[in-house]
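Next up is one chain by itself, shown in structure tokens, the form predicted alone.
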Amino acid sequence: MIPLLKRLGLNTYDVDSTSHIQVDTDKCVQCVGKPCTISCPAGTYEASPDGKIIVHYERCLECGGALVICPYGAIKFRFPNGGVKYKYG
């Protein structure tokens, strides 16, 4: 079996020119655990020192996990133009 990080490295990305993820950072400041930063296998969400979230949308695997786990509903998502192409589903 191929380890997860190696499988992710085989994916190809056609990165959109604009972010397909919008985060209400005012809500993120209230969130203590910031589960999006832990659950995302691609590291799309990063906590900044001021308590807000920095989004690296070009890393997104389009799995939708962050939308489900966000306790404040602060993340809005649309499928990007292009996006990720998986080698292993």
Partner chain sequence: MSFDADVIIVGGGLSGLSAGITMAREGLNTILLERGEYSGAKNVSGGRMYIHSLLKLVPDALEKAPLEKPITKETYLMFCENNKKISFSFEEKGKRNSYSVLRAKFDRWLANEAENLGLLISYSTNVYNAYREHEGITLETDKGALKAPIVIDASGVTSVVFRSLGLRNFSPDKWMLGVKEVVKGNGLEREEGEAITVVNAIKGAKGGGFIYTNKDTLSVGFTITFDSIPKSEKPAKDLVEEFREKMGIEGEVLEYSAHAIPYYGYKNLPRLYDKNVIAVGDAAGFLINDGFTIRGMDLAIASGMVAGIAVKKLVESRNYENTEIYYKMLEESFILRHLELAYNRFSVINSSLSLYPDVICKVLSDMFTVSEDRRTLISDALIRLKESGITLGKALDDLRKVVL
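Numbering follows the first chain given and starts at 1. Whichever C-alpha set is largest while still superposing within 1.5 Å between the two forms counts as the rigid core. Quick caveat: nothing in here was measured; it's all calculated off a predicted structure.
Not pictured, yet referred to below: the form predicted together with its partner chain.
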If the criterion is a non-hydrogen atom within 4.5 angstroms, does every one of V15, K27 and P49 touch its partner chain in the model of the complex?
no
Heavy atom of N81 within 4.5 Å of its partner chain in the model of the complex:
yes
Does its partner chain come within 4.5 Å of any heavy atom of I38 in the model of the complex?
yes
Is there any non-hydrogen atom of E62 lying within 4.5 Å of its partner chain in the model of the complex?
yes
So in the model of the complex, does any heavy atom of S19 sit within 4.5 Å of its partner chain?
no
Can you name the residues of 1-19 that have a non-hydrogen atom within 4.5 angstroms of its partner chain in the model of the complex?
M1, I2, L4, R7, L8, L10, N11
Note yes or no: does the Cα of G9 move by 2 Å or more between this form and the one not shown after the core is superposed?
yes
